Structure formats: structure tokens, C-alpha cells
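In C-alpha cells, one chain follows: the form predicted on its own.
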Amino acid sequence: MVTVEALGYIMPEIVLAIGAVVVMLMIAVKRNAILTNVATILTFIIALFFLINQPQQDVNVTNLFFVDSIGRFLTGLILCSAIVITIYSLPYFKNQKELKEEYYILLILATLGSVCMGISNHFVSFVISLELLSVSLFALIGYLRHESTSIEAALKYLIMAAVATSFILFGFALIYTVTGKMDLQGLTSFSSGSNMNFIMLAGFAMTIVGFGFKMALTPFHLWTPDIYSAAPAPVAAFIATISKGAAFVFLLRLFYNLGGLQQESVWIAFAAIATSSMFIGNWLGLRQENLKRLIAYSSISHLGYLMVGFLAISQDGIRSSMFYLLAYFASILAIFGMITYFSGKKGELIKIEDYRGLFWSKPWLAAVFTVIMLSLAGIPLTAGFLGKFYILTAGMGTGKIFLLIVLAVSSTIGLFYYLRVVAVMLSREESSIGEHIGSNSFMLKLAMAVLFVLIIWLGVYPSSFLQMIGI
């Protein structure tokens, strides 16, 4: 039975559920894209208010949810990211032919699924949350239904999401067969190292494959470039950040509670996936002329970096992973914000060549763009640099030297394609960028300014954010 006090710990999730219903009723009464956008932002702000005012203690809300410092940090990160994506969405969809209001219901539901994944303490609650996220994302990816590429991307995502969920369910079933437990707290008492058998190993393998698809880790990444390039820019930002972050946190909870990483074969499997993600993501990024596909391969490599913190199997590893998620979210949201900013009536500017000469026509925007690319590359005084530094520190503390060498070498490879974008902007040729939606949107400009400051702040003075993680 859930007490009133326990309900207080899941008030952000309750607010999101109520907000989706309220927005739906508002649309039924009167269609107004601006009003719906404002209502969606207010929903996220109210949920964030309840999160901030929660007591700072770990608590079980039945067997389904466990609210702790990691869950609170991820929920806050998701809600702030959702606010930014909602701000992007209004000017972006202003020139689109589709009905715009239902988009915001789907956005709230996808966010609800993500935050529930982050605090899930049970296989059942996780799978239901995952399906809520996946179905909502399927509709969001194909929201521009008059464009064939958008529909194609939605169908690809639907198929890959179904395959990933099937692997995860099969893996969970095998783990349950051996342990007799489906809640993560119950799995803590089970020592996989001393009770390992073929069924348990197969369960781990199935689960790793399923999460590999969800997080777009190599070799399960093939869907990512097509989805990123065809989905609307705000939706692509959601996929690249919120959906992957939520999946990562549950993966961390599962294998840390179950002790799966203590098994050498499981650790080696994750290390191989992390290594291939870092190398292949950066290597394929060198060949891209499409900016959104470049970001897709970049995100694959960044999830590989994140796995290095995961594989440290320590509190420092968890702390560094959470900080890296924050730096990654800020940088990816910012780069998709720039794509949204320069979108016009003819659509998005997704070719790298489209930004040629930007420095000479719009120097301030080019400077912001450059800082974002430098952060993704991990250059000092940016969020990306300190994110990688903390990951390296956590890995060094546990002696994971091989992964640290891979991280350093692959980051050097990635530096080339990030700087190539900067070099194109610095070209003295005349910019071909015409009218764009960012010039008429104060809120979009404000969001970009906040993200720019955050990227610098994280790179210069990270201690306040490390305190927020609370680990």
C-alpha cells in the first residue's frame, strides 16, 4: 500500500501524468499551439518544483520505484532537458503543415516514461516505462507525416525498439528463472559471481544486447544515423539525450545491484562494446557530410566514453558517469539547438557545407557553435573536457588502463571532424544562410544562451554541479 508520504516522492511523475491529461483536454476545448506549448513547459516546471522540494533521502515507493540521489539527479536533468526541447519545438513546428498540439502530449508522455525508467526498481515498472517512451518516440519521429523520410525513420525505430524490448524481456526472464527476483533490491542479495550458470549468463547476454540497441552502442548502432537525420531536430535531441540517459541509469542500477560486472566475461563483453563504440563512432564520423549524421556517430562514441565510468565499478565511476551525462546533455542539446535556430521555411540546414562562412556573417552565433563543437571534442575550459577528465580519473583509480588508452586515442580521432565543422565556418566564402526561425524567437535565443553559459560553467567551475549529484 502506498502512503501519502511515499506519494510525495513520486510527485514529479504524478504531475507529468496529470499534465498530459490536462493538455489533452485543453486541445479538445480549443486548439492553440502557443497555449499548448506554455502548458507543457508549466507542467515540466511544476514537476521540477516538486522534485526540488523532496526530502533528500532514499526511499522505496512500493517495490516498483526507488527514489535516491541518482534518480533525483536524472529526473531533474530530464525535466530541464524537456523544457529546452519544448522551447525548441514552438518555432520549429511553426512552419510545418501538421497539427502541432498533439506533439506536446507525446512529448510529456515520453518524458514521463523516461523519468519512470530512471527510478524503476522492478523489471515490470521498467518495461512499462520503456514501452511508454518507445511508443511516444515512434509517433514523435514520424510526426512530420507528409515527409516520406520521417515515416521511414519512424518505422525503423518501431522495429528496432520492438527487437530491443524483446531481448530485454527475454534477458529479464532468464535472470528471474535463476534468482526468483524481479526487484533490484532483491537482486542485491544475489551474488552472480558465486551462482553463475549458463542460464544466468544467457540472461546477461540478452539484456546487454537489448540495452545496446536502446543506447545505440556498437554493434547495435546501425539505426541511429537514419533516425537522427530524418527526425525533427527537437525529437532527435530527445532521442540523443533523454532516452539514452534513462536507459543507461537503469542499466547501471541493474548490473551494480546484481553484481554482474564482477563476472569477468560480462565485464569483458561490456569493455568490448565500449571500445568498439569509441573507435567506430569516431571513425565513421570522419566520413560524414551531414551534420545530423555526424552528431549521431558522435553520440555513439560518447556513450562509449560513458561506459568507461560504468565499468569502473566504484562510487567514483558512478559520480563521473552522472557528471558526464550532464556535460553530454548540455552539448548535444546545444548542437541541436543550433540546427533548430538555423532552420527556415525550406527546412533544416543539415549539411556541414551549409554553414560555410558563418563566422563572417554571424560571428557571435559562429562563436557559440564553435564552443559547442569544442565541448563535444573535449577541449579544456568546456563541459566535455571535464566530463572526460572525471571519467579518466575514475578509470585510473580502478586500474582500467586499456579503456583509458582507447578513450584518449579515439577522442583524438574525433577531434578532426569536430574541427572540420569549425574550419568550414571560418572559411572566407560568403555565407548562404538565409532567413531562419531563430532570428524571430526570443525564447530560442535565451535557451541557446543558457546552454552556452552552462557548457562554459561546467568546464570552469564544476564543483556546484558535483554537489547536486549527491553521490
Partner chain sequence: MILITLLLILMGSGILAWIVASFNKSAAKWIALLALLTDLVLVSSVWLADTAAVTLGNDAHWISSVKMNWIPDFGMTFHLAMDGISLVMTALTFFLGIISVLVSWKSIEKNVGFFLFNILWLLAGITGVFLAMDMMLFYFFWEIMLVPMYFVIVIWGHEKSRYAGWKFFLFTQISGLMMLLAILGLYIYHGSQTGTYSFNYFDLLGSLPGGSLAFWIMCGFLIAFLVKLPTLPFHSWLPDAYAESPSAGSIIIAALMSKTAAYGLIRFVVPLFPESAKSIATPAILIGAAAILYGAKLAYAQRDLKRLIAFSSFSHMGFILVGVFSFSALAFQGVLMQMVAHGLSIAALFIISEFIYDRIGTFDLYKMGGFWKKMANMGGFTLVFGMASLGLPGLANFVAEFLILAGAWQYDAVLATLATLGLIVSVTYSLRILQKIFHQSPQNDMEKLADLNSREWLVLGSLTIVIIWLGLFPQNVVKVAQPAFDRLGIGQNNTNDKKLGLIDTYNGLINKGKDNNAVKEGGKLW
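Numbering follows the first chain given and starts at 1. If you're wondering where the values come from, they're calculated on a predicted model, not measured in any experiment.
Form predicted in complex with its partner chain: not shown, discussed below.
Chemist: I'd like to check something about Asn32: if you look in the predicted bound form, is any of its heavy atoms closer than or equal to 4.5 Å to a heavy atom of its partner chain?
Modeler: No.
Chemist: I'd like to know if Trp360 sits close to its partner chain in the predicted bound form, meaning any non-hydrogen atom pair within 4.5 angstroms.
Modeler: Contact check for Trp360: yes, within 4.5 Å of its partner chain in the predicted bound form.
Chemist: Should Phe170 be counted as a contact of its partner chain in the predicted bound form, where contact means heavy atoms within 4.5 Å?
Modeler: Close contact is absent here: in the predicted bound form, Phe170 is far from its partner chain, nothing within 4.5 Å, heavy atoms only.
Chemist: Please determine whether Ser427 contacts its partner chain in the predicted bound form, using a 4.5 Å cut-off between heavy atoms.
Modeler: Yes - in the predicted bound form, heavy atoms of Ser427 and its partner chain come within 4.5 Å of each other.
Chemist: Which among 221 to 229, 181 to 189, 365 to 373, 87 to 95 is in contact with its partner chain in the predicted bound form, heavy atoms within 4.5 angstroms?
Modeler: Going by heavy atoms within 4.5 Å, the stretch is 365 to 373.
Chemist: Of the options Met396, Ala272, Val124, Ala162, which one has a non-hydrogen atom that comes within 4.5 Å of its partner chain in the predicted bound form?
Modeler: Of the candidates Met396, Ala272, Val124, Ala162, Met396 is the one lying within 4.5 Å of its partner chain in the predicted bound form.
Chemist: Among Val59, Ala423, Leu446, Ile52, which has any heavy atom within 4.5 Å of its partner chain in the predicted bound form?
Modeler: Result of the distance check: Ala423.
Chemist: With its partner chain taken in the predicted bound form, which residues across 398 to 425 come within 4.5 angstroms through any non-hydrogen atom?
Modeler: Residues within 4.5 Å: Leu404, Ile405, Ala408, Val409, Ser411, Thr412, Leu415, Phe416, Leu419, Arg420, Val422, Ala423.
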